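Presented as structure tokens, the chain that follows is alone, the form predicted on its own.
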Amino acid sequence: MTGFEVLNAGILATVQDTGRKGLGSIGVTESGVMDEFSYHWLNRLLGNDYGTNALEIVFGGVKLKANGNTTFALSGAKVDASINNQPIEIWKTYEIKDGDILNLGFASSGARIYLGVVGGFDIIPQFGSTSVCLKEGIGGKPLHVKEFLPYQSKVFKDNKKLALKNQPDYDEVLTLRVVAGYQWDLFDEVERDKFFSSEYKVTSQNDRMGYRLSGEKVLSTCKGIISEAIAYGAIQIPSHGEPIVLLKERQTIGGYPKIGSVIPVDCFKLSQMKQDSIVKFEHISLDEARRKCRKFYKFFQENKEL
């Protein structure tokens, strides 16, 4: 069998794809890849079908031994990587041969690294997806030492590289665009102005479920609401007044008031922010948010060129 043998598992690495859609009504969260920008470009580099799975690696520290030849690529966070101690680049395809050792250091910019192979990893889907959901224990477990990640022995000789202009910069202050939420009117104009004019810092409490931010406190006119479904990117404002942006492994329902939702294409950027990174919020209309998201997905679903 061909695949990667795990020599070092790193801090946290999980197989992810586009997630489980339409199961929120039975309490199954969406899960799936956190930074879809890096993930979709990765599959584009490898010539994979839309939605092919990849390995999502938090911060790095992973070492793999190839059993059989394949073509792979890395994307996402900036990281020192090597094959047999020879440095390689991210955002570029490489052939790895039987017995080769792929080693990843730790990210110097960004938080999540993506590793994909031609054709994806051969994993049986659960509930229509190969994504590992940590919160609910669906789809398997995080990577561990001596695990085997099977892949098909497929190789293409012509290396591909993503143009520098398309590669993201994770060190800039991030502006998150927000559409108004159901509880918008429960925040008066002063509180909304405070929210959109302030800078917030990413705290240590950030994971696949969501990012807790610290900064100017924003207060609503209510202490709680009847629990309701929670959208991807929803910004909860608990009683302490500091925002929580909910992401791919969010709970399916909740009872905190929500001032709005970060649009999906900006949630992808947020997932690359480390502790102490600075973020700001900007109001955007629902129509404009839809246009931006449709443009993003249309590009990756219909366009095959780099």
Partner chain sequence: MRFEVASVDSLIIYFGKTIDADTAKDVRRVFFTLKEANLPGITELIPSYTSLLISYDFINFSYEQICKEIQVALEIVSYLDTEMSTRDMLLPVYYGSDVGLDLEELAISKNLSVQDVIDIHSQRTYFVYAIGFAPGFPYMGEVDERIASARLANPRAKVPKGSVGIADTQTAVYPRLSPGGWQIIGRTPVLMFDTSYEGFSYFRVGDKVKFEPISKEEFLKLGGEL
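Numbering follows the first chain given and starts at 1. Owing to the predicted nature of the structure, the values given are computational and were not obtained by experimental measurement.
Form predicted together with the partner chain: not shown, discussed below.
Interface membership of residue 227, defined by any non-hydrogen atom within 4.5 Å of the partner chain in the predicted complex, is confirmed. In the predicted complex, the partner chain sits beyond 4.5 Å of every heavy atom of residue 283. A residue is said to contact a partner when one of its heavy atoms sits within 4.5 Å of a partner heavy atom; residue 183 meets this definition for the partner chain in the predicted complex. Contact between residue 24 and the partner chain in the predicted complex is found at the 4.5 Å heavy atom cutoff. Residues of just one listed stretch (148-156, 128-136, 213-221, 82-90) have heavy atoms within 4.5 Å of the partner chain in the predicted complex: 128-136. Of the listed positions (170, 196, 232, 94), a single one reaches within 4.5 angstroms of the partner chain by any non-hydrogen atom in the predicted complex, namely 232. Interface residue among 277, 261, 43, 272 relative to the partner chain in the predicted complex, by the heavy atom within 4.5 Å criterion: 261. Residues 289, 290, 293, 294, 297, 298, 301 of 287-301 are found to place at least one heavy atom within 4.5 Å of the partner chain in the predicted complex.
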